[in-house]
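This document opens with one chain alone, in structure tokens, the form predicted alone.
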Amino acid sequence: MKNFAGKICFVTGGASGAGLGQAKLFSKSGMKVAIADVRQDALDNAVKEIVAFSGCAESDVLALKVDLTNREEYTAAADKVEEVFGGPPHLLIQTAGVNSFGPVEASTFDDFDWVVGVCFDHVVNGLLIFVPRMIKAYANKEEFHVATTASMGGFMAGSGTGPYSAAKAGVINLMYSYAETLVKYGAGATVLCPGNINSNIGNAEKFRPAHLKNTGYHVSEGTMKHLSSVHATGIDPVELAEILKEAIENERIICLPDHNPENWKNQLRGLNETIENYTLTKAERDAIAAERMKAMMEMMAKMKEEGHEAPPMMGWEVPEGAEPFGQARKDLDWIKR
């Protein structure tokens, strides 16, 4: 998909973070943009930001308060887009996501239902609701494209991100399937796999539904403050949207958060090496880990000798007034601490 002006874009999670960055950029590219989110106040503010950024008319932005895990609400939102803009989106971007960190063995059903529900099920909902409409309206007549924001976490395991990594891995694989099948309709699919983004996902626990509040993780204002300090060091959402736009224009199926796609190969090689190492014996894996630790210590010693300070940990230090995230609830007596 190369031409965006005058076409329709639908962005989930479009009221903040990566989704808002995408809505701003594609609005500036001349698209009519619909944004979906669960927070009305954030939606109202996002419309103002999009108009100010792109210079579009306010009537070219449609804000929809939607629980994306609710198929009836999502279907109603799709109907509203067609009613207001005259057709289904030419560009569907599903970016809404949540996360909560904690030992996977401490996870509850609610932890999985919430994280997987938003990060994976909402993507399935959008694809099943919108793609048939997009095919009927545009197949082999007009350009159209589906994109989903997954995560680098979908390529690797994380003992503290079990539900999230599993959901994002599912999204990545699902988008491969859509990329393969949409070709015959003259369309494409892209999965964006960012690392850290400057967003408010660190406060996602504040918006966890009441019926899914039973978490096995220690969550507090302090842990959210810590997470927010980490995400504050992430890539700017509009910059990330620019990288996604280039990937869509050039029909890339995987999009990583770097302006130079040549660097993506090295990043993927490193991730694939981690997976390959799972085929090794524990003794072999331990030897590799020891070599890596030795190399890191030698590098830090050399930096010290040359008078350089050790590189910062990208915001992972616990700021004043915060507390470490990623811990189990204190009353869980089977957790090794």
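Numbers follow the displayed sequence, beginning with 1. Just so you know, these numbers come straight off a predicted model, no measurement behind them.
Keep in mind the form predicted together with a small molecule is missing from the figure; the text below concerns it.
With respect to the small molecule in the predicted complex, the three residues 97, 194 and 201 uniformly fall within 4.5 angstroms at the level of their nearest heavy atom. Out of the listed residues 252, 71, 245, 231, 231 is the one that sits within 4.5 Å of the small molecule in the predicted complex by at least one heavy atom.
For the options 175, 241, 118, 91, the residue carrying a heavy atom within 4.5 angstroms of the small molecule in the predicted complex is 118. Not displayed here, the small molecule is approached by residue 67 to within 4.5 Å at the level of heavy atoms in the predicted complex. In the predicted complex, the small molecule lies within 4.5 Å of some heavy atom of residue 18. Among heavy atoms of residue 39, some come within 4.5 Å of the small molecule in the predicted complex. Taking the partner from the other structure, the small molecule in the predicted complex has a heavy atom within 4.5 Å of a heavy atom of residue 164. With the partner omitted here, the stretch from 134-142, 149-157, 177-185, 259-267 that lies within 4.5 Å of the small molecule by heavy atoms in the predicted complex is 149-157.
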